[in-house]
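This document starts with one chain, in the form predicted on its own, laid out as structure tokens.
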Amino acid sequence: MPECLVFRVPTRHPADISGLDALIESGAVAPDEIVAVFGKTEGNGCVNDFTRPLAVMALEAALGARLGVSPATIGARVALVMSGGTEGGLSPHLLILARREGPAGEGKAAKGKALAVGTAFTDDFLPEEIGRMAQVRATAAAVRRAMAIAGLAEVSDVHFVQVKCPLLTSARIQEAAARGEGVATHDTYASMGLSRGASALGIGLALGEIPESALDDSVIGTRTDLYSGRASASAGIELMRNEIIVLGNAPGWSGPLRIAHRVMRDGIDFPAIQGALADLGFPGAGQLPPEAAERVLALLAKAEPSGNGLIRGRRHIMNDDSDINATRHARALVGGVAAAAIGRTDLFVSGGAEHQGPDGGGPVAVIGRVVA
């Protein structure tokens, strides 16, 4: 009977793997049990955020050395999702997810369902496929594979799907042009949003939230009414494929961990976060007390400034600031609201929520240790 383990460790810099080493040395987790790592790194979260590939390289090298395999072998089987940007009070950290196998009937079985994890990967995309229907369809297929690996037969049991997706660079655009192919955009920053959007629509397609008949290249990045309430996508320069992590509550898994989600209607939707906490049995009023906060293994959220420049009818300037990118403002805003609810700042808040929740909002999920 499998069990999903989740560990949260702080980082001193993007290449810091001391927390991972300490977990392995203590026997808390074996390196071959690790299936995915989420990370918040302190870069700018934009095209030239090289803290993300630096963290990936450090993790691949560390796990490869432990297992006696090449870093490339680790990269081929472990989903490494690094999200740049820890604006405001957000704390850089890693979330390490492992799958521990046990004989049937061994260990404490969950009452009903327990936290389950599944991962899958698409093939590498050609530059001209990024931000287009090829990426949507490939993502949907990979989500379904990850669900099957996790034993999540019902889409209603899926609570959060994280995707790491590629972006376009000038070199990638030129490579496509040399073959006579056009790309979705020549704006490399805009390509991040299109890639995230296509990935999110693929998640929505796989989970039955969006009908395939509503999808074509023209809706990607434009139809804000088409979205998934469980999708989170982060774009980076360090890959050309989509890496998918599906999290849900599944029968046949053991352990005390569960996941719940809600959809924030805007960046200050404190009640949505409290609702996800309440679904897991946490206190529903005010900030969690310290002992309850420590039972929260992870908070995962998306952040995006509204396109109309308003939050509940009042003007914000996130889209008008030429000095600080709007997604950086949004991460700081949502990070502050989430930290106020949880009572901690080591939270996975990712910017850029195209088709990931309603315009100006986004999904929020909480992984917690449930007390019987």
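Residue positions are given as counts along the sequence shown, with the first one as 1. Everything numeric in this text was worked out from a predicted model, so none of it was measured. We call the rigid core whatever largest set of C-alpha positions still superposes within 1.5 Å between the two forms.
The protein also exists as the form predicted together with a further copy of the same chain; that form is not presented, and the subsequent description refers to it.
Residue in contact with a further copy of the same chain in the model of the complex (any heavy atom within 4.5 Å), chosen from G88, G275, G281, G221: G88. For the options A134, I268, A120, L297, the residue carrying a heavy atom within 4.5 angstroms of a further copy of the same chain in the model of the complex is I268.
Against a further copy of the same chain in the model of the complex, the set A28, R99 and P251 makes no contact: no member has a heavy atom within 4.5 Å. None of 201-209, 287-295, 227-235, 148-156 except one has non-hydrogen atoms within 4.5 angstroms of a further copy of the same chain in the model of the complex; the exception is 287-295. Residue contact check for V69: none of its heavy atoms lie within 4.5 Å of a further copy of the same chain in the model of the complex.
At the 4.5 Å threshold, heavy atoms of P14 reach a further copy of the same chain in the model of the complex. For the chain shown alone, S306 is not a contact residue for a further copy of the same chain in the model of the complex, no non-hydrogen atom being within 4.5 angstroms. Contact check for A58: a heavy atom falls within 4.5 Å of a further copy of the same chain in the model of the complex. Residues R328, H329, A332, L333, G336, V337, A339, A340, G343, R344, T345, D346 are the members of 328-367 with a non-hydrogen atom no more than 4.5 angstroms from a further copy of the same chain in the model of the complex. If you fit the rigid core between this form and the one not shown, you'll see the Cα of T188 move by 2 angstroms or more. Core-superposed comparison between this form and the one not shown: the Cα of I237 travels 2 Å or more.
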